[in-house]
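Heads up, the chain below is alone and in the form predicted alone; it's given as structure tokens.
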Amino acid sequence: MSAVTELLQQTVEGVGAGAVYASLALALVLIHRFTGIVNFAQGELAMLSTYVAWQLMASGMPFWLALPVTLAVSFVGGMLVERVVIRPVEGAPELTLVIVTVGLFIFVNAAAGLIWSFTVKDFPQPFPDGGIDLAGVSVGWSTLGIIGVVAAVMGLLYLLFQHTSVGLVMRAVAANPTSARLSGIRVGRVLMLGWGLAATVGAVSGVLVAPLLFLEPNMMGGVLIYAFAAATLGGFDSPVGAVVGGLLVGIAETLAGAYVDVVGADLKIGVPLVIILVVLLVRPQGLFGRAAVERA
């Protein structure tokens, strides 16, 4: 395999991994846009949804039927989290909100371990084995499937936000909750809807990553770090930035592991941390984010 072909192969693999990071980063961005909260429990909520899908399949339900059921459960669960856990501390200092989401992280992780144990479980691969060969570059069906699913999620969210009345209301709340409330919009219900959508998108991430790893309560810890890097790179107020950031982080991680000897396979987790640090120092709002403007 030539050097160029090897580079293209690593890039394709990075795009596949980046698509998973992008889906969880998209969930983080949705929460932040609607509430201003950085949800540290987003990965654990995705993990919990993945266990729901596993349980449905263990009871005999086929994957492509278990998936929509899981997404529906995740949507309702996300709305309940907003109403029961987040709503009581609405308007509290940022540190309080951080502590609440970290507490939710710990609770969900412990609850999953209590219900399903911390034993590693296999999660079925929804896409067929094998792939296609393009000029010496092998692209697996699983990689194409992951990219296709994330693209479909992005397309559906675009249609929702840009071409429906519900999306218009959600954009109004994201832009200015106070003005939206004065206009008669039920902001509380819109925030519940935003958390439900974020939980649904996060569930997609969990279901996509579980076949690549093993299903266990701590499986999303590393993915969450990459998703934070993606959201930071793209901008926490930009859904498009989350997707672009996820792809760039996936490519950077894969190339660093393949070509930087000091990184290798063991230290790839350091790549997103370096990306977060550099972005915060150079362009805190991210590539697609807007800098906050305060008027005196």
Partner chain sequence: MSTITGILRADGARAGRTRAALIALAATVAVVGAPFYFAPFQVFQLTMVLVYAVALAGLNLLVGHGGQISLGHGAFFAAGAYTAAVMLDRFDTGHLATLPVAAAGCFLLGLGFGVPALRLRGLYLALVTLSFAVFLPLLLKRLEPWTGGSMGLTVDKPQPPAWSGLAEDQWLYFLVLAVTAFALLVARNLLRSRVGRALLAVRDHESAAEVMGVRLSLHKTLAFAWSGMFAGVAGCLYTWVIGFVSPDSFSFVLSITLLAGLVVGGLASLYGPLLGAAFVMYVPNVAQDLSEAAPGVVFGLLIIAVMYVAPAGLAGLAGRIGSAAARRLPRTRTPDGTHTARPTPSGTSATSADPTPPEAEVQAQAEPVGAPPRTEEE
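Positions refer to the first chain, counted from 1. Note that the structure is predicted; figures quoted are calculated from it, not measured.
Missing here is the form predicted in complex with its partner chain; even so, the following discussion is about that form.
Chemist: Report whether the minimum heavy atom distance between residue 88 and its partner chain in the model of the complex is within 4.5 Å.
Modeler: Within the cut-off, so yes.
Chemist: Evaluate residue 96 for contact with its partner chain in the model of the complex, applying a 4.5 angstroms cut-off between non-hydrogen atoms, and reply yes or no.
Modeler: Residue 96: contacts its partner chain in the model of the complex.
Chemist: Does the 4.5 Å heavy atom contact test between residue 69 and its partner chain in the model of the complex come out positive?
Modeler: Because no heavy atom of residue 69 falls inside 4.5 Å of its partner chain in the model of the complex, the answer is no.
Chemist: Looking in the model of the complex, any heavy atom of residue 80 within 4.5 Å of its partner chain?
Modeler: Result no; residue 80 lies far from its partner chain in the model of the complex.
Chemist: Given a 4.5 Å cut-off on heavy atoms, tell me which of 111-119, 201-209, 163-171, 179-187 is the interface stretch with its partner chain in the model of the complex.
Modeler: Within 4.5 Å of the partner lies stretch 111-119.
Chemist: So which of 57, 244, 38, 251 reaches within 4.5 angstroms of its partner chain in the model of the complex, heavy atom to heavy atom?
Modeler: Of the listed residues, the single hit is 38.
Chemist: Pick from 73, 139, 149, 225: which residue has any heavy atom within 4.5 angstroms of its partner chain in the model of the complex?
Modeler: Here the answer is residue option 225.
Chemist: Can you name the residues of 148-175 that have a non-hydrogen atom within 4.5 angstroms of its partner chain in the model of the complex?
Modeler: Result: empty, none.
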